[in-house]
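Presented below, as structure tokens, is a lone chain in the form predicted on its own.
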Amino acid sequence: MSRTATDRADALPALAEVFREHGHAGASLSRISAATGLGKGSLYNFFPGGKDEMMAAVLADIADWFEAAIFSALELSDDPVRAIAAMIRDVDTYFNSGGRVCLVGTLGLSASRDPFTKSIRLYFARWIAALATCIAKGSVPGNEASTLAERTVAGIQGAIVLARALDDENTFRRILRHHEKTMLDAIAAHRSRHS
């Protein structure tokens, strides 16, 4: 058993890992209690809406992290090359080189997704939009930037699946580097046309 959570926010990392490992449906209150160190009464005190409220809180926490570390950084940077490299590095770290499941992506594929459809859609749409904005700052036309962003986010999700299925973190890193190179090559090509 891990250390006991002392408040709602303190419980979120343990909740996220239980949901990553067992999914929404498989995350029993017994598993959640063991992971957080909280009894069922304390869990319902922190999350009166039960597992759905726990999952919603975890998704909000993930969205907040990505907003601060990835999405805003991509949009606010004046150097798209540096911002893309930072995103790739941070994504590699966050997903533990493909060893950590993308909870939002996994939930999006599950039968339990319906209460969370809006959060799932916003997470992926926000990532694609922020990355497209960054790529476009590198003189890449809007439609091409959007396509590159969409392919990159899809590639990251696929890389997580392959790295876990093959038990090979190098697969994840190789796919990340491919997408980074594709974006940077597009920026370099369009910048050279404009100079």
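For every residue, the number given is its place in the sequence shown, counted from 1. Computed from a predicted structure; not experimentally measured.
Not pictured, yet referred to below: the form predicted in complex with another copy of the chain.
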property	result
Region of this chain that lies against another copy of the chain in the model of the complex, out of 41-49, 134-142, 152-160, 61-69 [heavy atom, 4.5 Å]	152-160
Output flag, 21, 101 and 111 jointly within 4.5 Å of another copy of the chain in the model of the complex, heavy atom basis	yes
Contact residue in the model of the complex, from 88, 73, 81, 120 (heavy atom within 4.5 Å of another copy of the chain)	120
Distance check, residue 25 to another copy of the chain in the model of the complex, heavy atom within 4.5 Å	yes
Partner contact for residue 106 in the model of the complex: another copy of the chain, 4.5 angstroms, heavy atom	yes
Contact test in the model of the complex: residue 34 vs another copy of the chain, heavy atoms, 4.5 Å	no
Residue 175, heavy atom within 4.5 angstroms of another copy of the chain in the model of the complex	yes
